[in-house]
Ligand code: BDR
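Below you'll find only one chain, the form predicted alone, shown as structure tokens.
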Amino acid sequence: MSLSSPRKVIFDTDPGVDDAMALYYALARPGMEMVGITTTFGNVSVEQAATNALYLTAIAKRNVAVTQGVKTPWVKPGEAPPDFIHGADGLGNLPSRQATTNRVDPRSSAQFIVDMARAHPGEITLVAVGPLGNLAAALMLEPALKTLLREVIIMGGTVLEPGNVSPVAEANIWNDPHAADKVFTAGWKLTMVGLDVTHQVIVPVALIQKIADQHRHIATDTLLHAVKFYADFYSGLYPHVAKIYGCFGHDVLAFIYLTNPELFTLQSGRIRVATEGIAQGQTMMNRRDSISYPQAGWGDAPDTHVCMQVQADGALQVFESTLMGPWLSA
């Protein structure tokens, strides 16, 4: 992606450490126009998510609209945010924050998505890296949204890789499975960047330290603090991550897919989400179109493009070169 072909993006997010990595990648990437940030519950409450989005953009000296969206899942009971993964504040428990003056846009996240899609039909890519309630709500506000957006890229789900909240479910989908199933069956151009690839990419803390040393800026210092907290969690859980001392690059891979799709191997098929029972949140993919399954719900489901493999070294190189570039001002 180059400056000659700017891409308008709405970032639907629940920041969140890996969300912060993704946001700064998007802001640093030439040719990316951040139309707005729509926040949701997930890694933190939706109120904290909006606070973090405002803070991260303010310290990076970027004026981006931030909205507040859904507070709870569509149907299932809500869960406590995972403060042991991201910190109580979502950014690794920052010891202090600079005063900022930017404020939340008064529109709901769903309304903002609809407004921007109507204003720029066919131009906006929506990158969603949290539970999918805002997208489901936007679809209910504007059924034509599937044709107004250029494409949707989500970080969520898994096909073959074990889940991270159950043996079969990934956290973003499990947090709001009914909304997720609506998103997967909406009929828009949809790509899923799930655990099948995000568990292949470990971002070393040493790389974030290198970026922070390059810029000597509050934005990259904040990111470094957050990533260290995040890496402590993952290094305590996975011995192979501990050897590197890093963390999985979950959310940033959704943007790396947008900018560098050649790094990914995809498979297409219909996906439905289990909304009840022990498999709640499972993203079930039909990978055998030649079989006519007797269960209802498969015949008319649209195809999703699913990332199954990624060139991990290439993804890390793209991430490093982008964040090491001159994207921050004093």
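Computed from a predicted structure; not experimentally measured. We number the residues from 1 along the sequence you see.
Just so you know, the form predicted together with the named molecule exists too; it's not on screen, but the next bit is about it.
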Checklist line | The single option of T158, S109, N172, T220 touching the named molecule in the predicted bound form, heavy atom within 4.5 Å | finding: N172
Check: When the named molecule is placed as it is in the predicted bound form, which of 184-192, 244-252, 114-122, 132-140 ends up with heavy atoms within 4.5 Å of it?
Finding: 244-252
Checklist line | the named molecule contact at N260 in the predicted bound form, heavy atom, 4.5 Å | finding: no
Note to self: Check T40 for me: does it contact the named molecule in the predicted bound form (non-hydrogen atoms, 4.5 angstroms)?
What the structure shows: no
Check: Even though the named molecule is not shown here, does Q200 get within 4.5 Å of it in the predicted bound form, heavy atoms only?
Finding: no
Note to self: Taking the named molecule as it sits in the predicted bound form, is N164 in contact with it (heavy atom to heavy atom, 4.5 Å or less)?
What the structure shows: yes
Notebook entry, point to check: What are the residues of 6-29, in order along the chain, with a heavy atom within 4.5 Å of the named molecule in the predicted bound form?
Noted result: D14, D18, D19
